[in-house]
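A lone chain, given as structure tokens: the form predicted on its own.
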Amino acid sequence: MRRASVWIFLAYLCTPSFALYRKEIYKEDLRIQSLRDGQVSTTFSFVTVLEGAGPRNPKALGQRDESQHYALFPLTLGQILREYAITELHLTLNAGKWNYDNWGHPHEAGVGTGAELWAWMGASEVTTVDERWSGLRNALSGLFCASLGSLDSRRTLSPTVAFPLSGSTPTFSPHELRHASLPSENVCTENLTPFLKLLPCKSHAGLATLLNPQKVFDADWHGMGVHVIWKEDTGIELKLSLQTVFNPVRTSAGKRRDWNLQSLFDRSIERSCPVASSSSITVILPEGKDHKITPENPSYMDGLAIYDLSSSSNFTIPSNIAMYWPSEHSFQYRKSLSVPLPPLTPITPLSVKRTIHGTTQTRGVLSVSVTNNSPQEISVGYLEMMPALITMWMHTLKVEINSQIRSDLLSELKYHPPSPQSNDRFSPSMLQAVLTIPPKTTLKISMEVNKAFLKYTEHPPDAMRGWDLPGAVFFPLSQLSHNTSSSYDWERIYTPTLLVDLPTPDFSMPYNVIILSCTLMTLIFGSIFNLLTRKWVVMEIQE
């Protein structure tokens, strides 16, 4: 009787209808696009869907959580999401400057330089959102070997309009946003290794075998992202993305823009990932018919060449997908030509330039130029998030077109000044507004800023280098019915980071004082020591 009960219990646990069992789907895709300046953009997407799952109710954080069973979904990340009741999470680590004018909008919008983390969490009386935000930062910092723990209250804001929920909104409690960025964060191999460990096949099979650290971090631009979204009709979706921009013209001996998987990654796909329901490589075909692509048996659809790498397909693995231009001896970009030509029209509808200039270390002027390249008017959101190092003076804000004041083109201006925090710290300031830019026009925004005078103990070790300021963010206003920019398929535009020179003390003076003091002490001590220890002896010199 006892033996029969044990077998029944084991059969109940192994039955697929067990309450803790959920269906999981894993898909992977690689998109390759040749850019007009000769570079090649690659985007890896690894998507894991946990069907029927939902975020944890933050009101139940004081109670014991129900058991979770993961087969493909990464356990380490799932535990963090359940521990802090995260509804939506976005983390990006990027290195370099994304060139919107020549590369267009990226497949993943989060291309801001450095580290960027933002999460939506439900309010709870058990633990506050700020307490869970602190725990989330520290947990992700240890998981990805990044300096996310320094994204404290000095860098945290809640720009809900620029970073809305991408998925569904749970009804169990109102939600709050926490956003922080660290533009000085570097991306290296120690971030890629834990990233690959979150994949079901790691880097042993599938598209992830192409991720060679030596090639990835040699690219002109590279970045990785972790996105967790909850959709009511689907479940929890985890998307791991990695984007790179290679320059085959720089690495090839003949200055050609030809590329293949072996030349880009120095690796090939030996076998497909067995648990992937779909695995494909999508090549975005350039304009014109002077290019060739091999193998010559892809599936063509809307200017795309798709290769199916799943185990159920007839595609031969390994295979080296390549694109080349047989009639092109060497690639000549407009900048490298001896005869200057007019500049190319930017690909994106908006072009943004942002600078900070001034003649002193205490004051300066922040200038932002936004050019509308389209033939129609565009309304766009503008967001500035500045640390307390910089103070923006709103009464000096100017909006100009052709040196003429146009204050009517700026509306819905909101400014949150820095507020004092614990330990004599200040929260960052936030400026948010709506800009209306006429067609084929450049709008210029400028305002005076003050630079903080820090204590000598608050400066970093490389104080003379300066401080990195996060880039500004431009976002579409799709929720407005009269917005003409909603026809463009883009999410956000990040400007490059700025390097500001703050009032810096002469850190070489303590060094000089130490050197002088040590020299004087050596001379005095040496002289006294000789007088006290030297023995005077009268010597007779025989002639």
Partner chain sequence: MNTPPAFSFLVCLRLLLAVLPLPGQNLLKHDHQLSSPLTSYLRLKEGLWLLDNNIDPYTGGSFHHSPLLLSLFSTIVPPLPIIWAISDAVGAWALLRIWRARQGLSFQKGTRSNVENLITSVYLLNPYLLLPSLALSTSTFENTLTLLALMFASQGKVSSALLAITFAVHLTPSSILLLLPIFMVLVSSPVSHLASPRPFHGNLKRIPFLFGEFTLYWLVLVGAACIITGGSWSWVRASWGATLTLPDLTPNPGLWWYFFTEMFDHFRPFFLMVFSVHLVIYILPICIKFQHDPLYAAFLLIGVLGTFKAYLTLADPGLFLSMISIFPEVHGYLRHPIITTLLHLHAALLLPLQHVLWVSEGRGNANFYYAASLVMGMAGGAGLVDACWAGMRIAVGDAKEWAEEKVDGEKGEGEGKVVWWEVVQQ
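Residue numbers count along the first chain shown, from 1. The term rigid core refers to the most C-alpha atoms you can superpose between the two forms while keeping them within 1.5 Å. In this text the structure is predicted, and so the values were computed from the model without any measurement.
What comes next is about the form predicted in complex with the partner chain, which is not displayed.
- Task: Using the partner position in the model of the complex, report whether K455 sits within 4.5 Å of the partner chain, counting heavy atoms only.
- Result: Answer yes; at least one heavy atom of K455 falls within 4.5 Å of the partner chain in the model of the complex.
- Residue contact check: S517 to the partner chain in the model of the complex, 4.5 Å heavy atom: Within the cut-off, so yes.
- Wondering, does F217 line up within 4.5 Å of the partner chain in the model of the complex on heavy atoms? F217 lies outside the contact set for the partner chain.
- Query: Even though the partner chain is not shown here, does T391 get within 4.5 Å of it in the model of the complex, heavy atoms only?
  - Reply: Flag for T391 set to yes.
- Among 282-290, 238-246, 221-229, 417-425, which stretch has residues with heavy atoms no more than 4.5 Å from the partner chain in the model of the complex? Heavy atoms within 4.5 Å of the partner chain in the model of the complex occur in 417-425.
- Task: Could you tell me which one of L413, I401, I306, A463 places a heavy atom within 4.5 Å of the partner chain in the model of the complex?
- Result: The residue from L413, I401, I306, A463 that makes the contact is L413.
- Query: Is P510 one of the residues whose Cα moves 2 Å or more between the shown form and the other one, with the core superposed?
  - Reply: Yes; that C-alpha moves by at least 2 Å between the shown form and the other one.
- Message: Knowing the shift is 3 Å or more, I'd like to know if the C-alpha atoms of Y511 and L499 are closer or farther apart in the model of the complex than in the shown chain.
- Response: Farther: Y511 and L499 separate by 3 Å or more in the model of the complex.
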